[in-house]
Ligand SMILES: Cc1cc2nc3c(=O)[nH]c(=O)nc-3n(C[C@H](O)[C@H](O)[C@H](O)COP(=O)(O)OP(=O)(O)OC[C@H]3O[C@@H](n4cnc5c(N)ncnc54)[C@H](O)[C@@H]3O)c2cc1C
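Listed next as structure tokens is one chain, alone, in the form predicted on its own.
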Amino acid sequence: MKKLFKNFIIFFVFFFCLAATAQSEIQNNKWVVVGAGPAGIAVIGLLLDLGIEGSSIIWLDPEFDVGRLGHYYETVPGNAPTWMYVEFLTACKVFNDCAPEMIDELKKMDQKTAFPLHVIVRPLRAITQGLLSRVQAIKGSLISLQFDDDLWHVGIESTDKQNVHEQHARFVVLATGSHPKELHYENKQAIPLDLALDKSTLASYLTPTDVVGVFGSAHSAILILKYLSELPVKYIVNFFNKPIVYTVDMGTWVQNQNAGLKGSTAQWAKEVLEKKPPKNLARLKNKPTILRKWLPLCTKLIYAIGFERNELPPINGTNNLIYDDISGIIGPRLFGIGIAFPEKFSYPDGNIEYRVGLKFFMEYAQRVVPEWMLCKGEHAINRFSNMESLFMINVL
């Protein structure tokens, strides 16, 4: 009887240790992906395609609605041809499992035409719903991130702010997105860029007596100038630093393929803004003397001057961090991707660009995610630093 009891105890201890080891292995292979915009969707799709179990993937986002793209930009005219969207959607097998009909529908559309962004937002929503059933999804926000005992301790607050808890993971991917930059001129009503990019919403902010100042000369600024020229306002003033650049200029492709105006916005700029601009629109070089004269006349302002990284909580005690813009490595098994952490790309002629857009996010993810999976942490670049402030994309 004693021998039987002893054997039972040995078996129980062995089974307990085995279960603990298995649980440790699961924990040590866990991924937390923060953000459900296009870059976050790409990472989830690739991890699943590469054999990571859905039970080992925690996907964190407040809404799971395709990020800023889905929340604000569905009605915005696209600046990419349809074939680029098809490339993104067909890059992961799991995407086709989630939304085969929508992907097939997109394939049947004119592949060279740039349609409004709803044509890509809707399939991305369907794919998001399919992915949510395959991974551990948590609706909430990242509130802390600490590396300790060879694991990431991820603090999470639920979207309704009723629950705060911590997850442990070996790998963390930040696809946390960016938001429009602002200049904050005093005593002026600013119309948020996100809202101004929807024509009907923009119209609700305006009166026929308004003088609207628009800062910037890239795609968003020119699109808003087009909207304003079609709406009842008294005058439009465009303050710019850089001249208008087109992706296709005088029939010749520029070296920087991701730069410049594209689609219907580029066509309007070429045919209307540069040849026969509206009589109530002035484009002025952004100089202190110009601002002193014209800014007091403006009743409303719109800042279309680029984007800056969404705020992150302190990571290992610091708010300032840098990332390796070739590998996406921020710290030991901590990675960044998307508009907040874009890829640095060097063209053959020496031009350098931080590439932003669905096509580029997927190409980057296809290159780095397999490398991330092999990252043990020993050779990870320690990117916690006070050397650099938050990365900003400047397009003024």
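As the structure is a prediction and not an experimental result, all values here were calculated from the model. The numbering used is simple: start at 1 and walk along the sequence shown.
The following text describes the form predicted in complex with the ligand, which does not appear among the structures shown.
Peer 1: Report the stretch among 346 to 354, 45 to 53, 323 to 331, 60 to 68 that approaches the ligand in the model of the complex to within 4.5 Å, counting heavy atoms only.
Peer 2: Result of the contact check: 60 to 68.
Peer 1: Would the ligand in the model of the complex be within 4.5 angstroms of a non-hydrogen atom of every residue among A175, N310 and I339?
Peer 2: Heavy-atom distance to the ligand in the model of the complex: all three under 4.5 Å.
Peer 1: Only one of C298, A218, A80, A269 has a non-hydrogen atom within 4.5 angstroms of the ligand in the model of the complex; which is it?
Peer 2: Result of the distance check: A80.
Peer 1: Tell me, yes or no, whether Y73 is in contact with the ligand in the model of the complex, where a contact means a heavy atom of each within 4.5 Å.
Peer 2: Y73: yes, in contact with the ligand in the model of the complex.
Peer 1: So in the model of the complex, does S141 come within 4.5 Å of the ligand, heavy atom to heavy atom?
Peer 2: Within the cut-off, so yes.
Peer 1: Verify the contact flag for I222: yes if a non-hydrogen atom of it lies within 4.5 Å of a non-hydrogen atom of the ligand in the model of the complex, no if not.
Peer 2: Because no heavy atom of I222 falls inside 4.5 Å of the ligand in the model of the complex, the answer is no.
Peer 1: In the model of the complex, is there a heavy atom of the ligand that lies within 4.5 Å of any heavy atom of Y85, even though the partner is absent here?
Peer 2: Looking in the model of the complex, residue contacts with the ligand include Y85, since a heavy atom lies within 4.5 Å.
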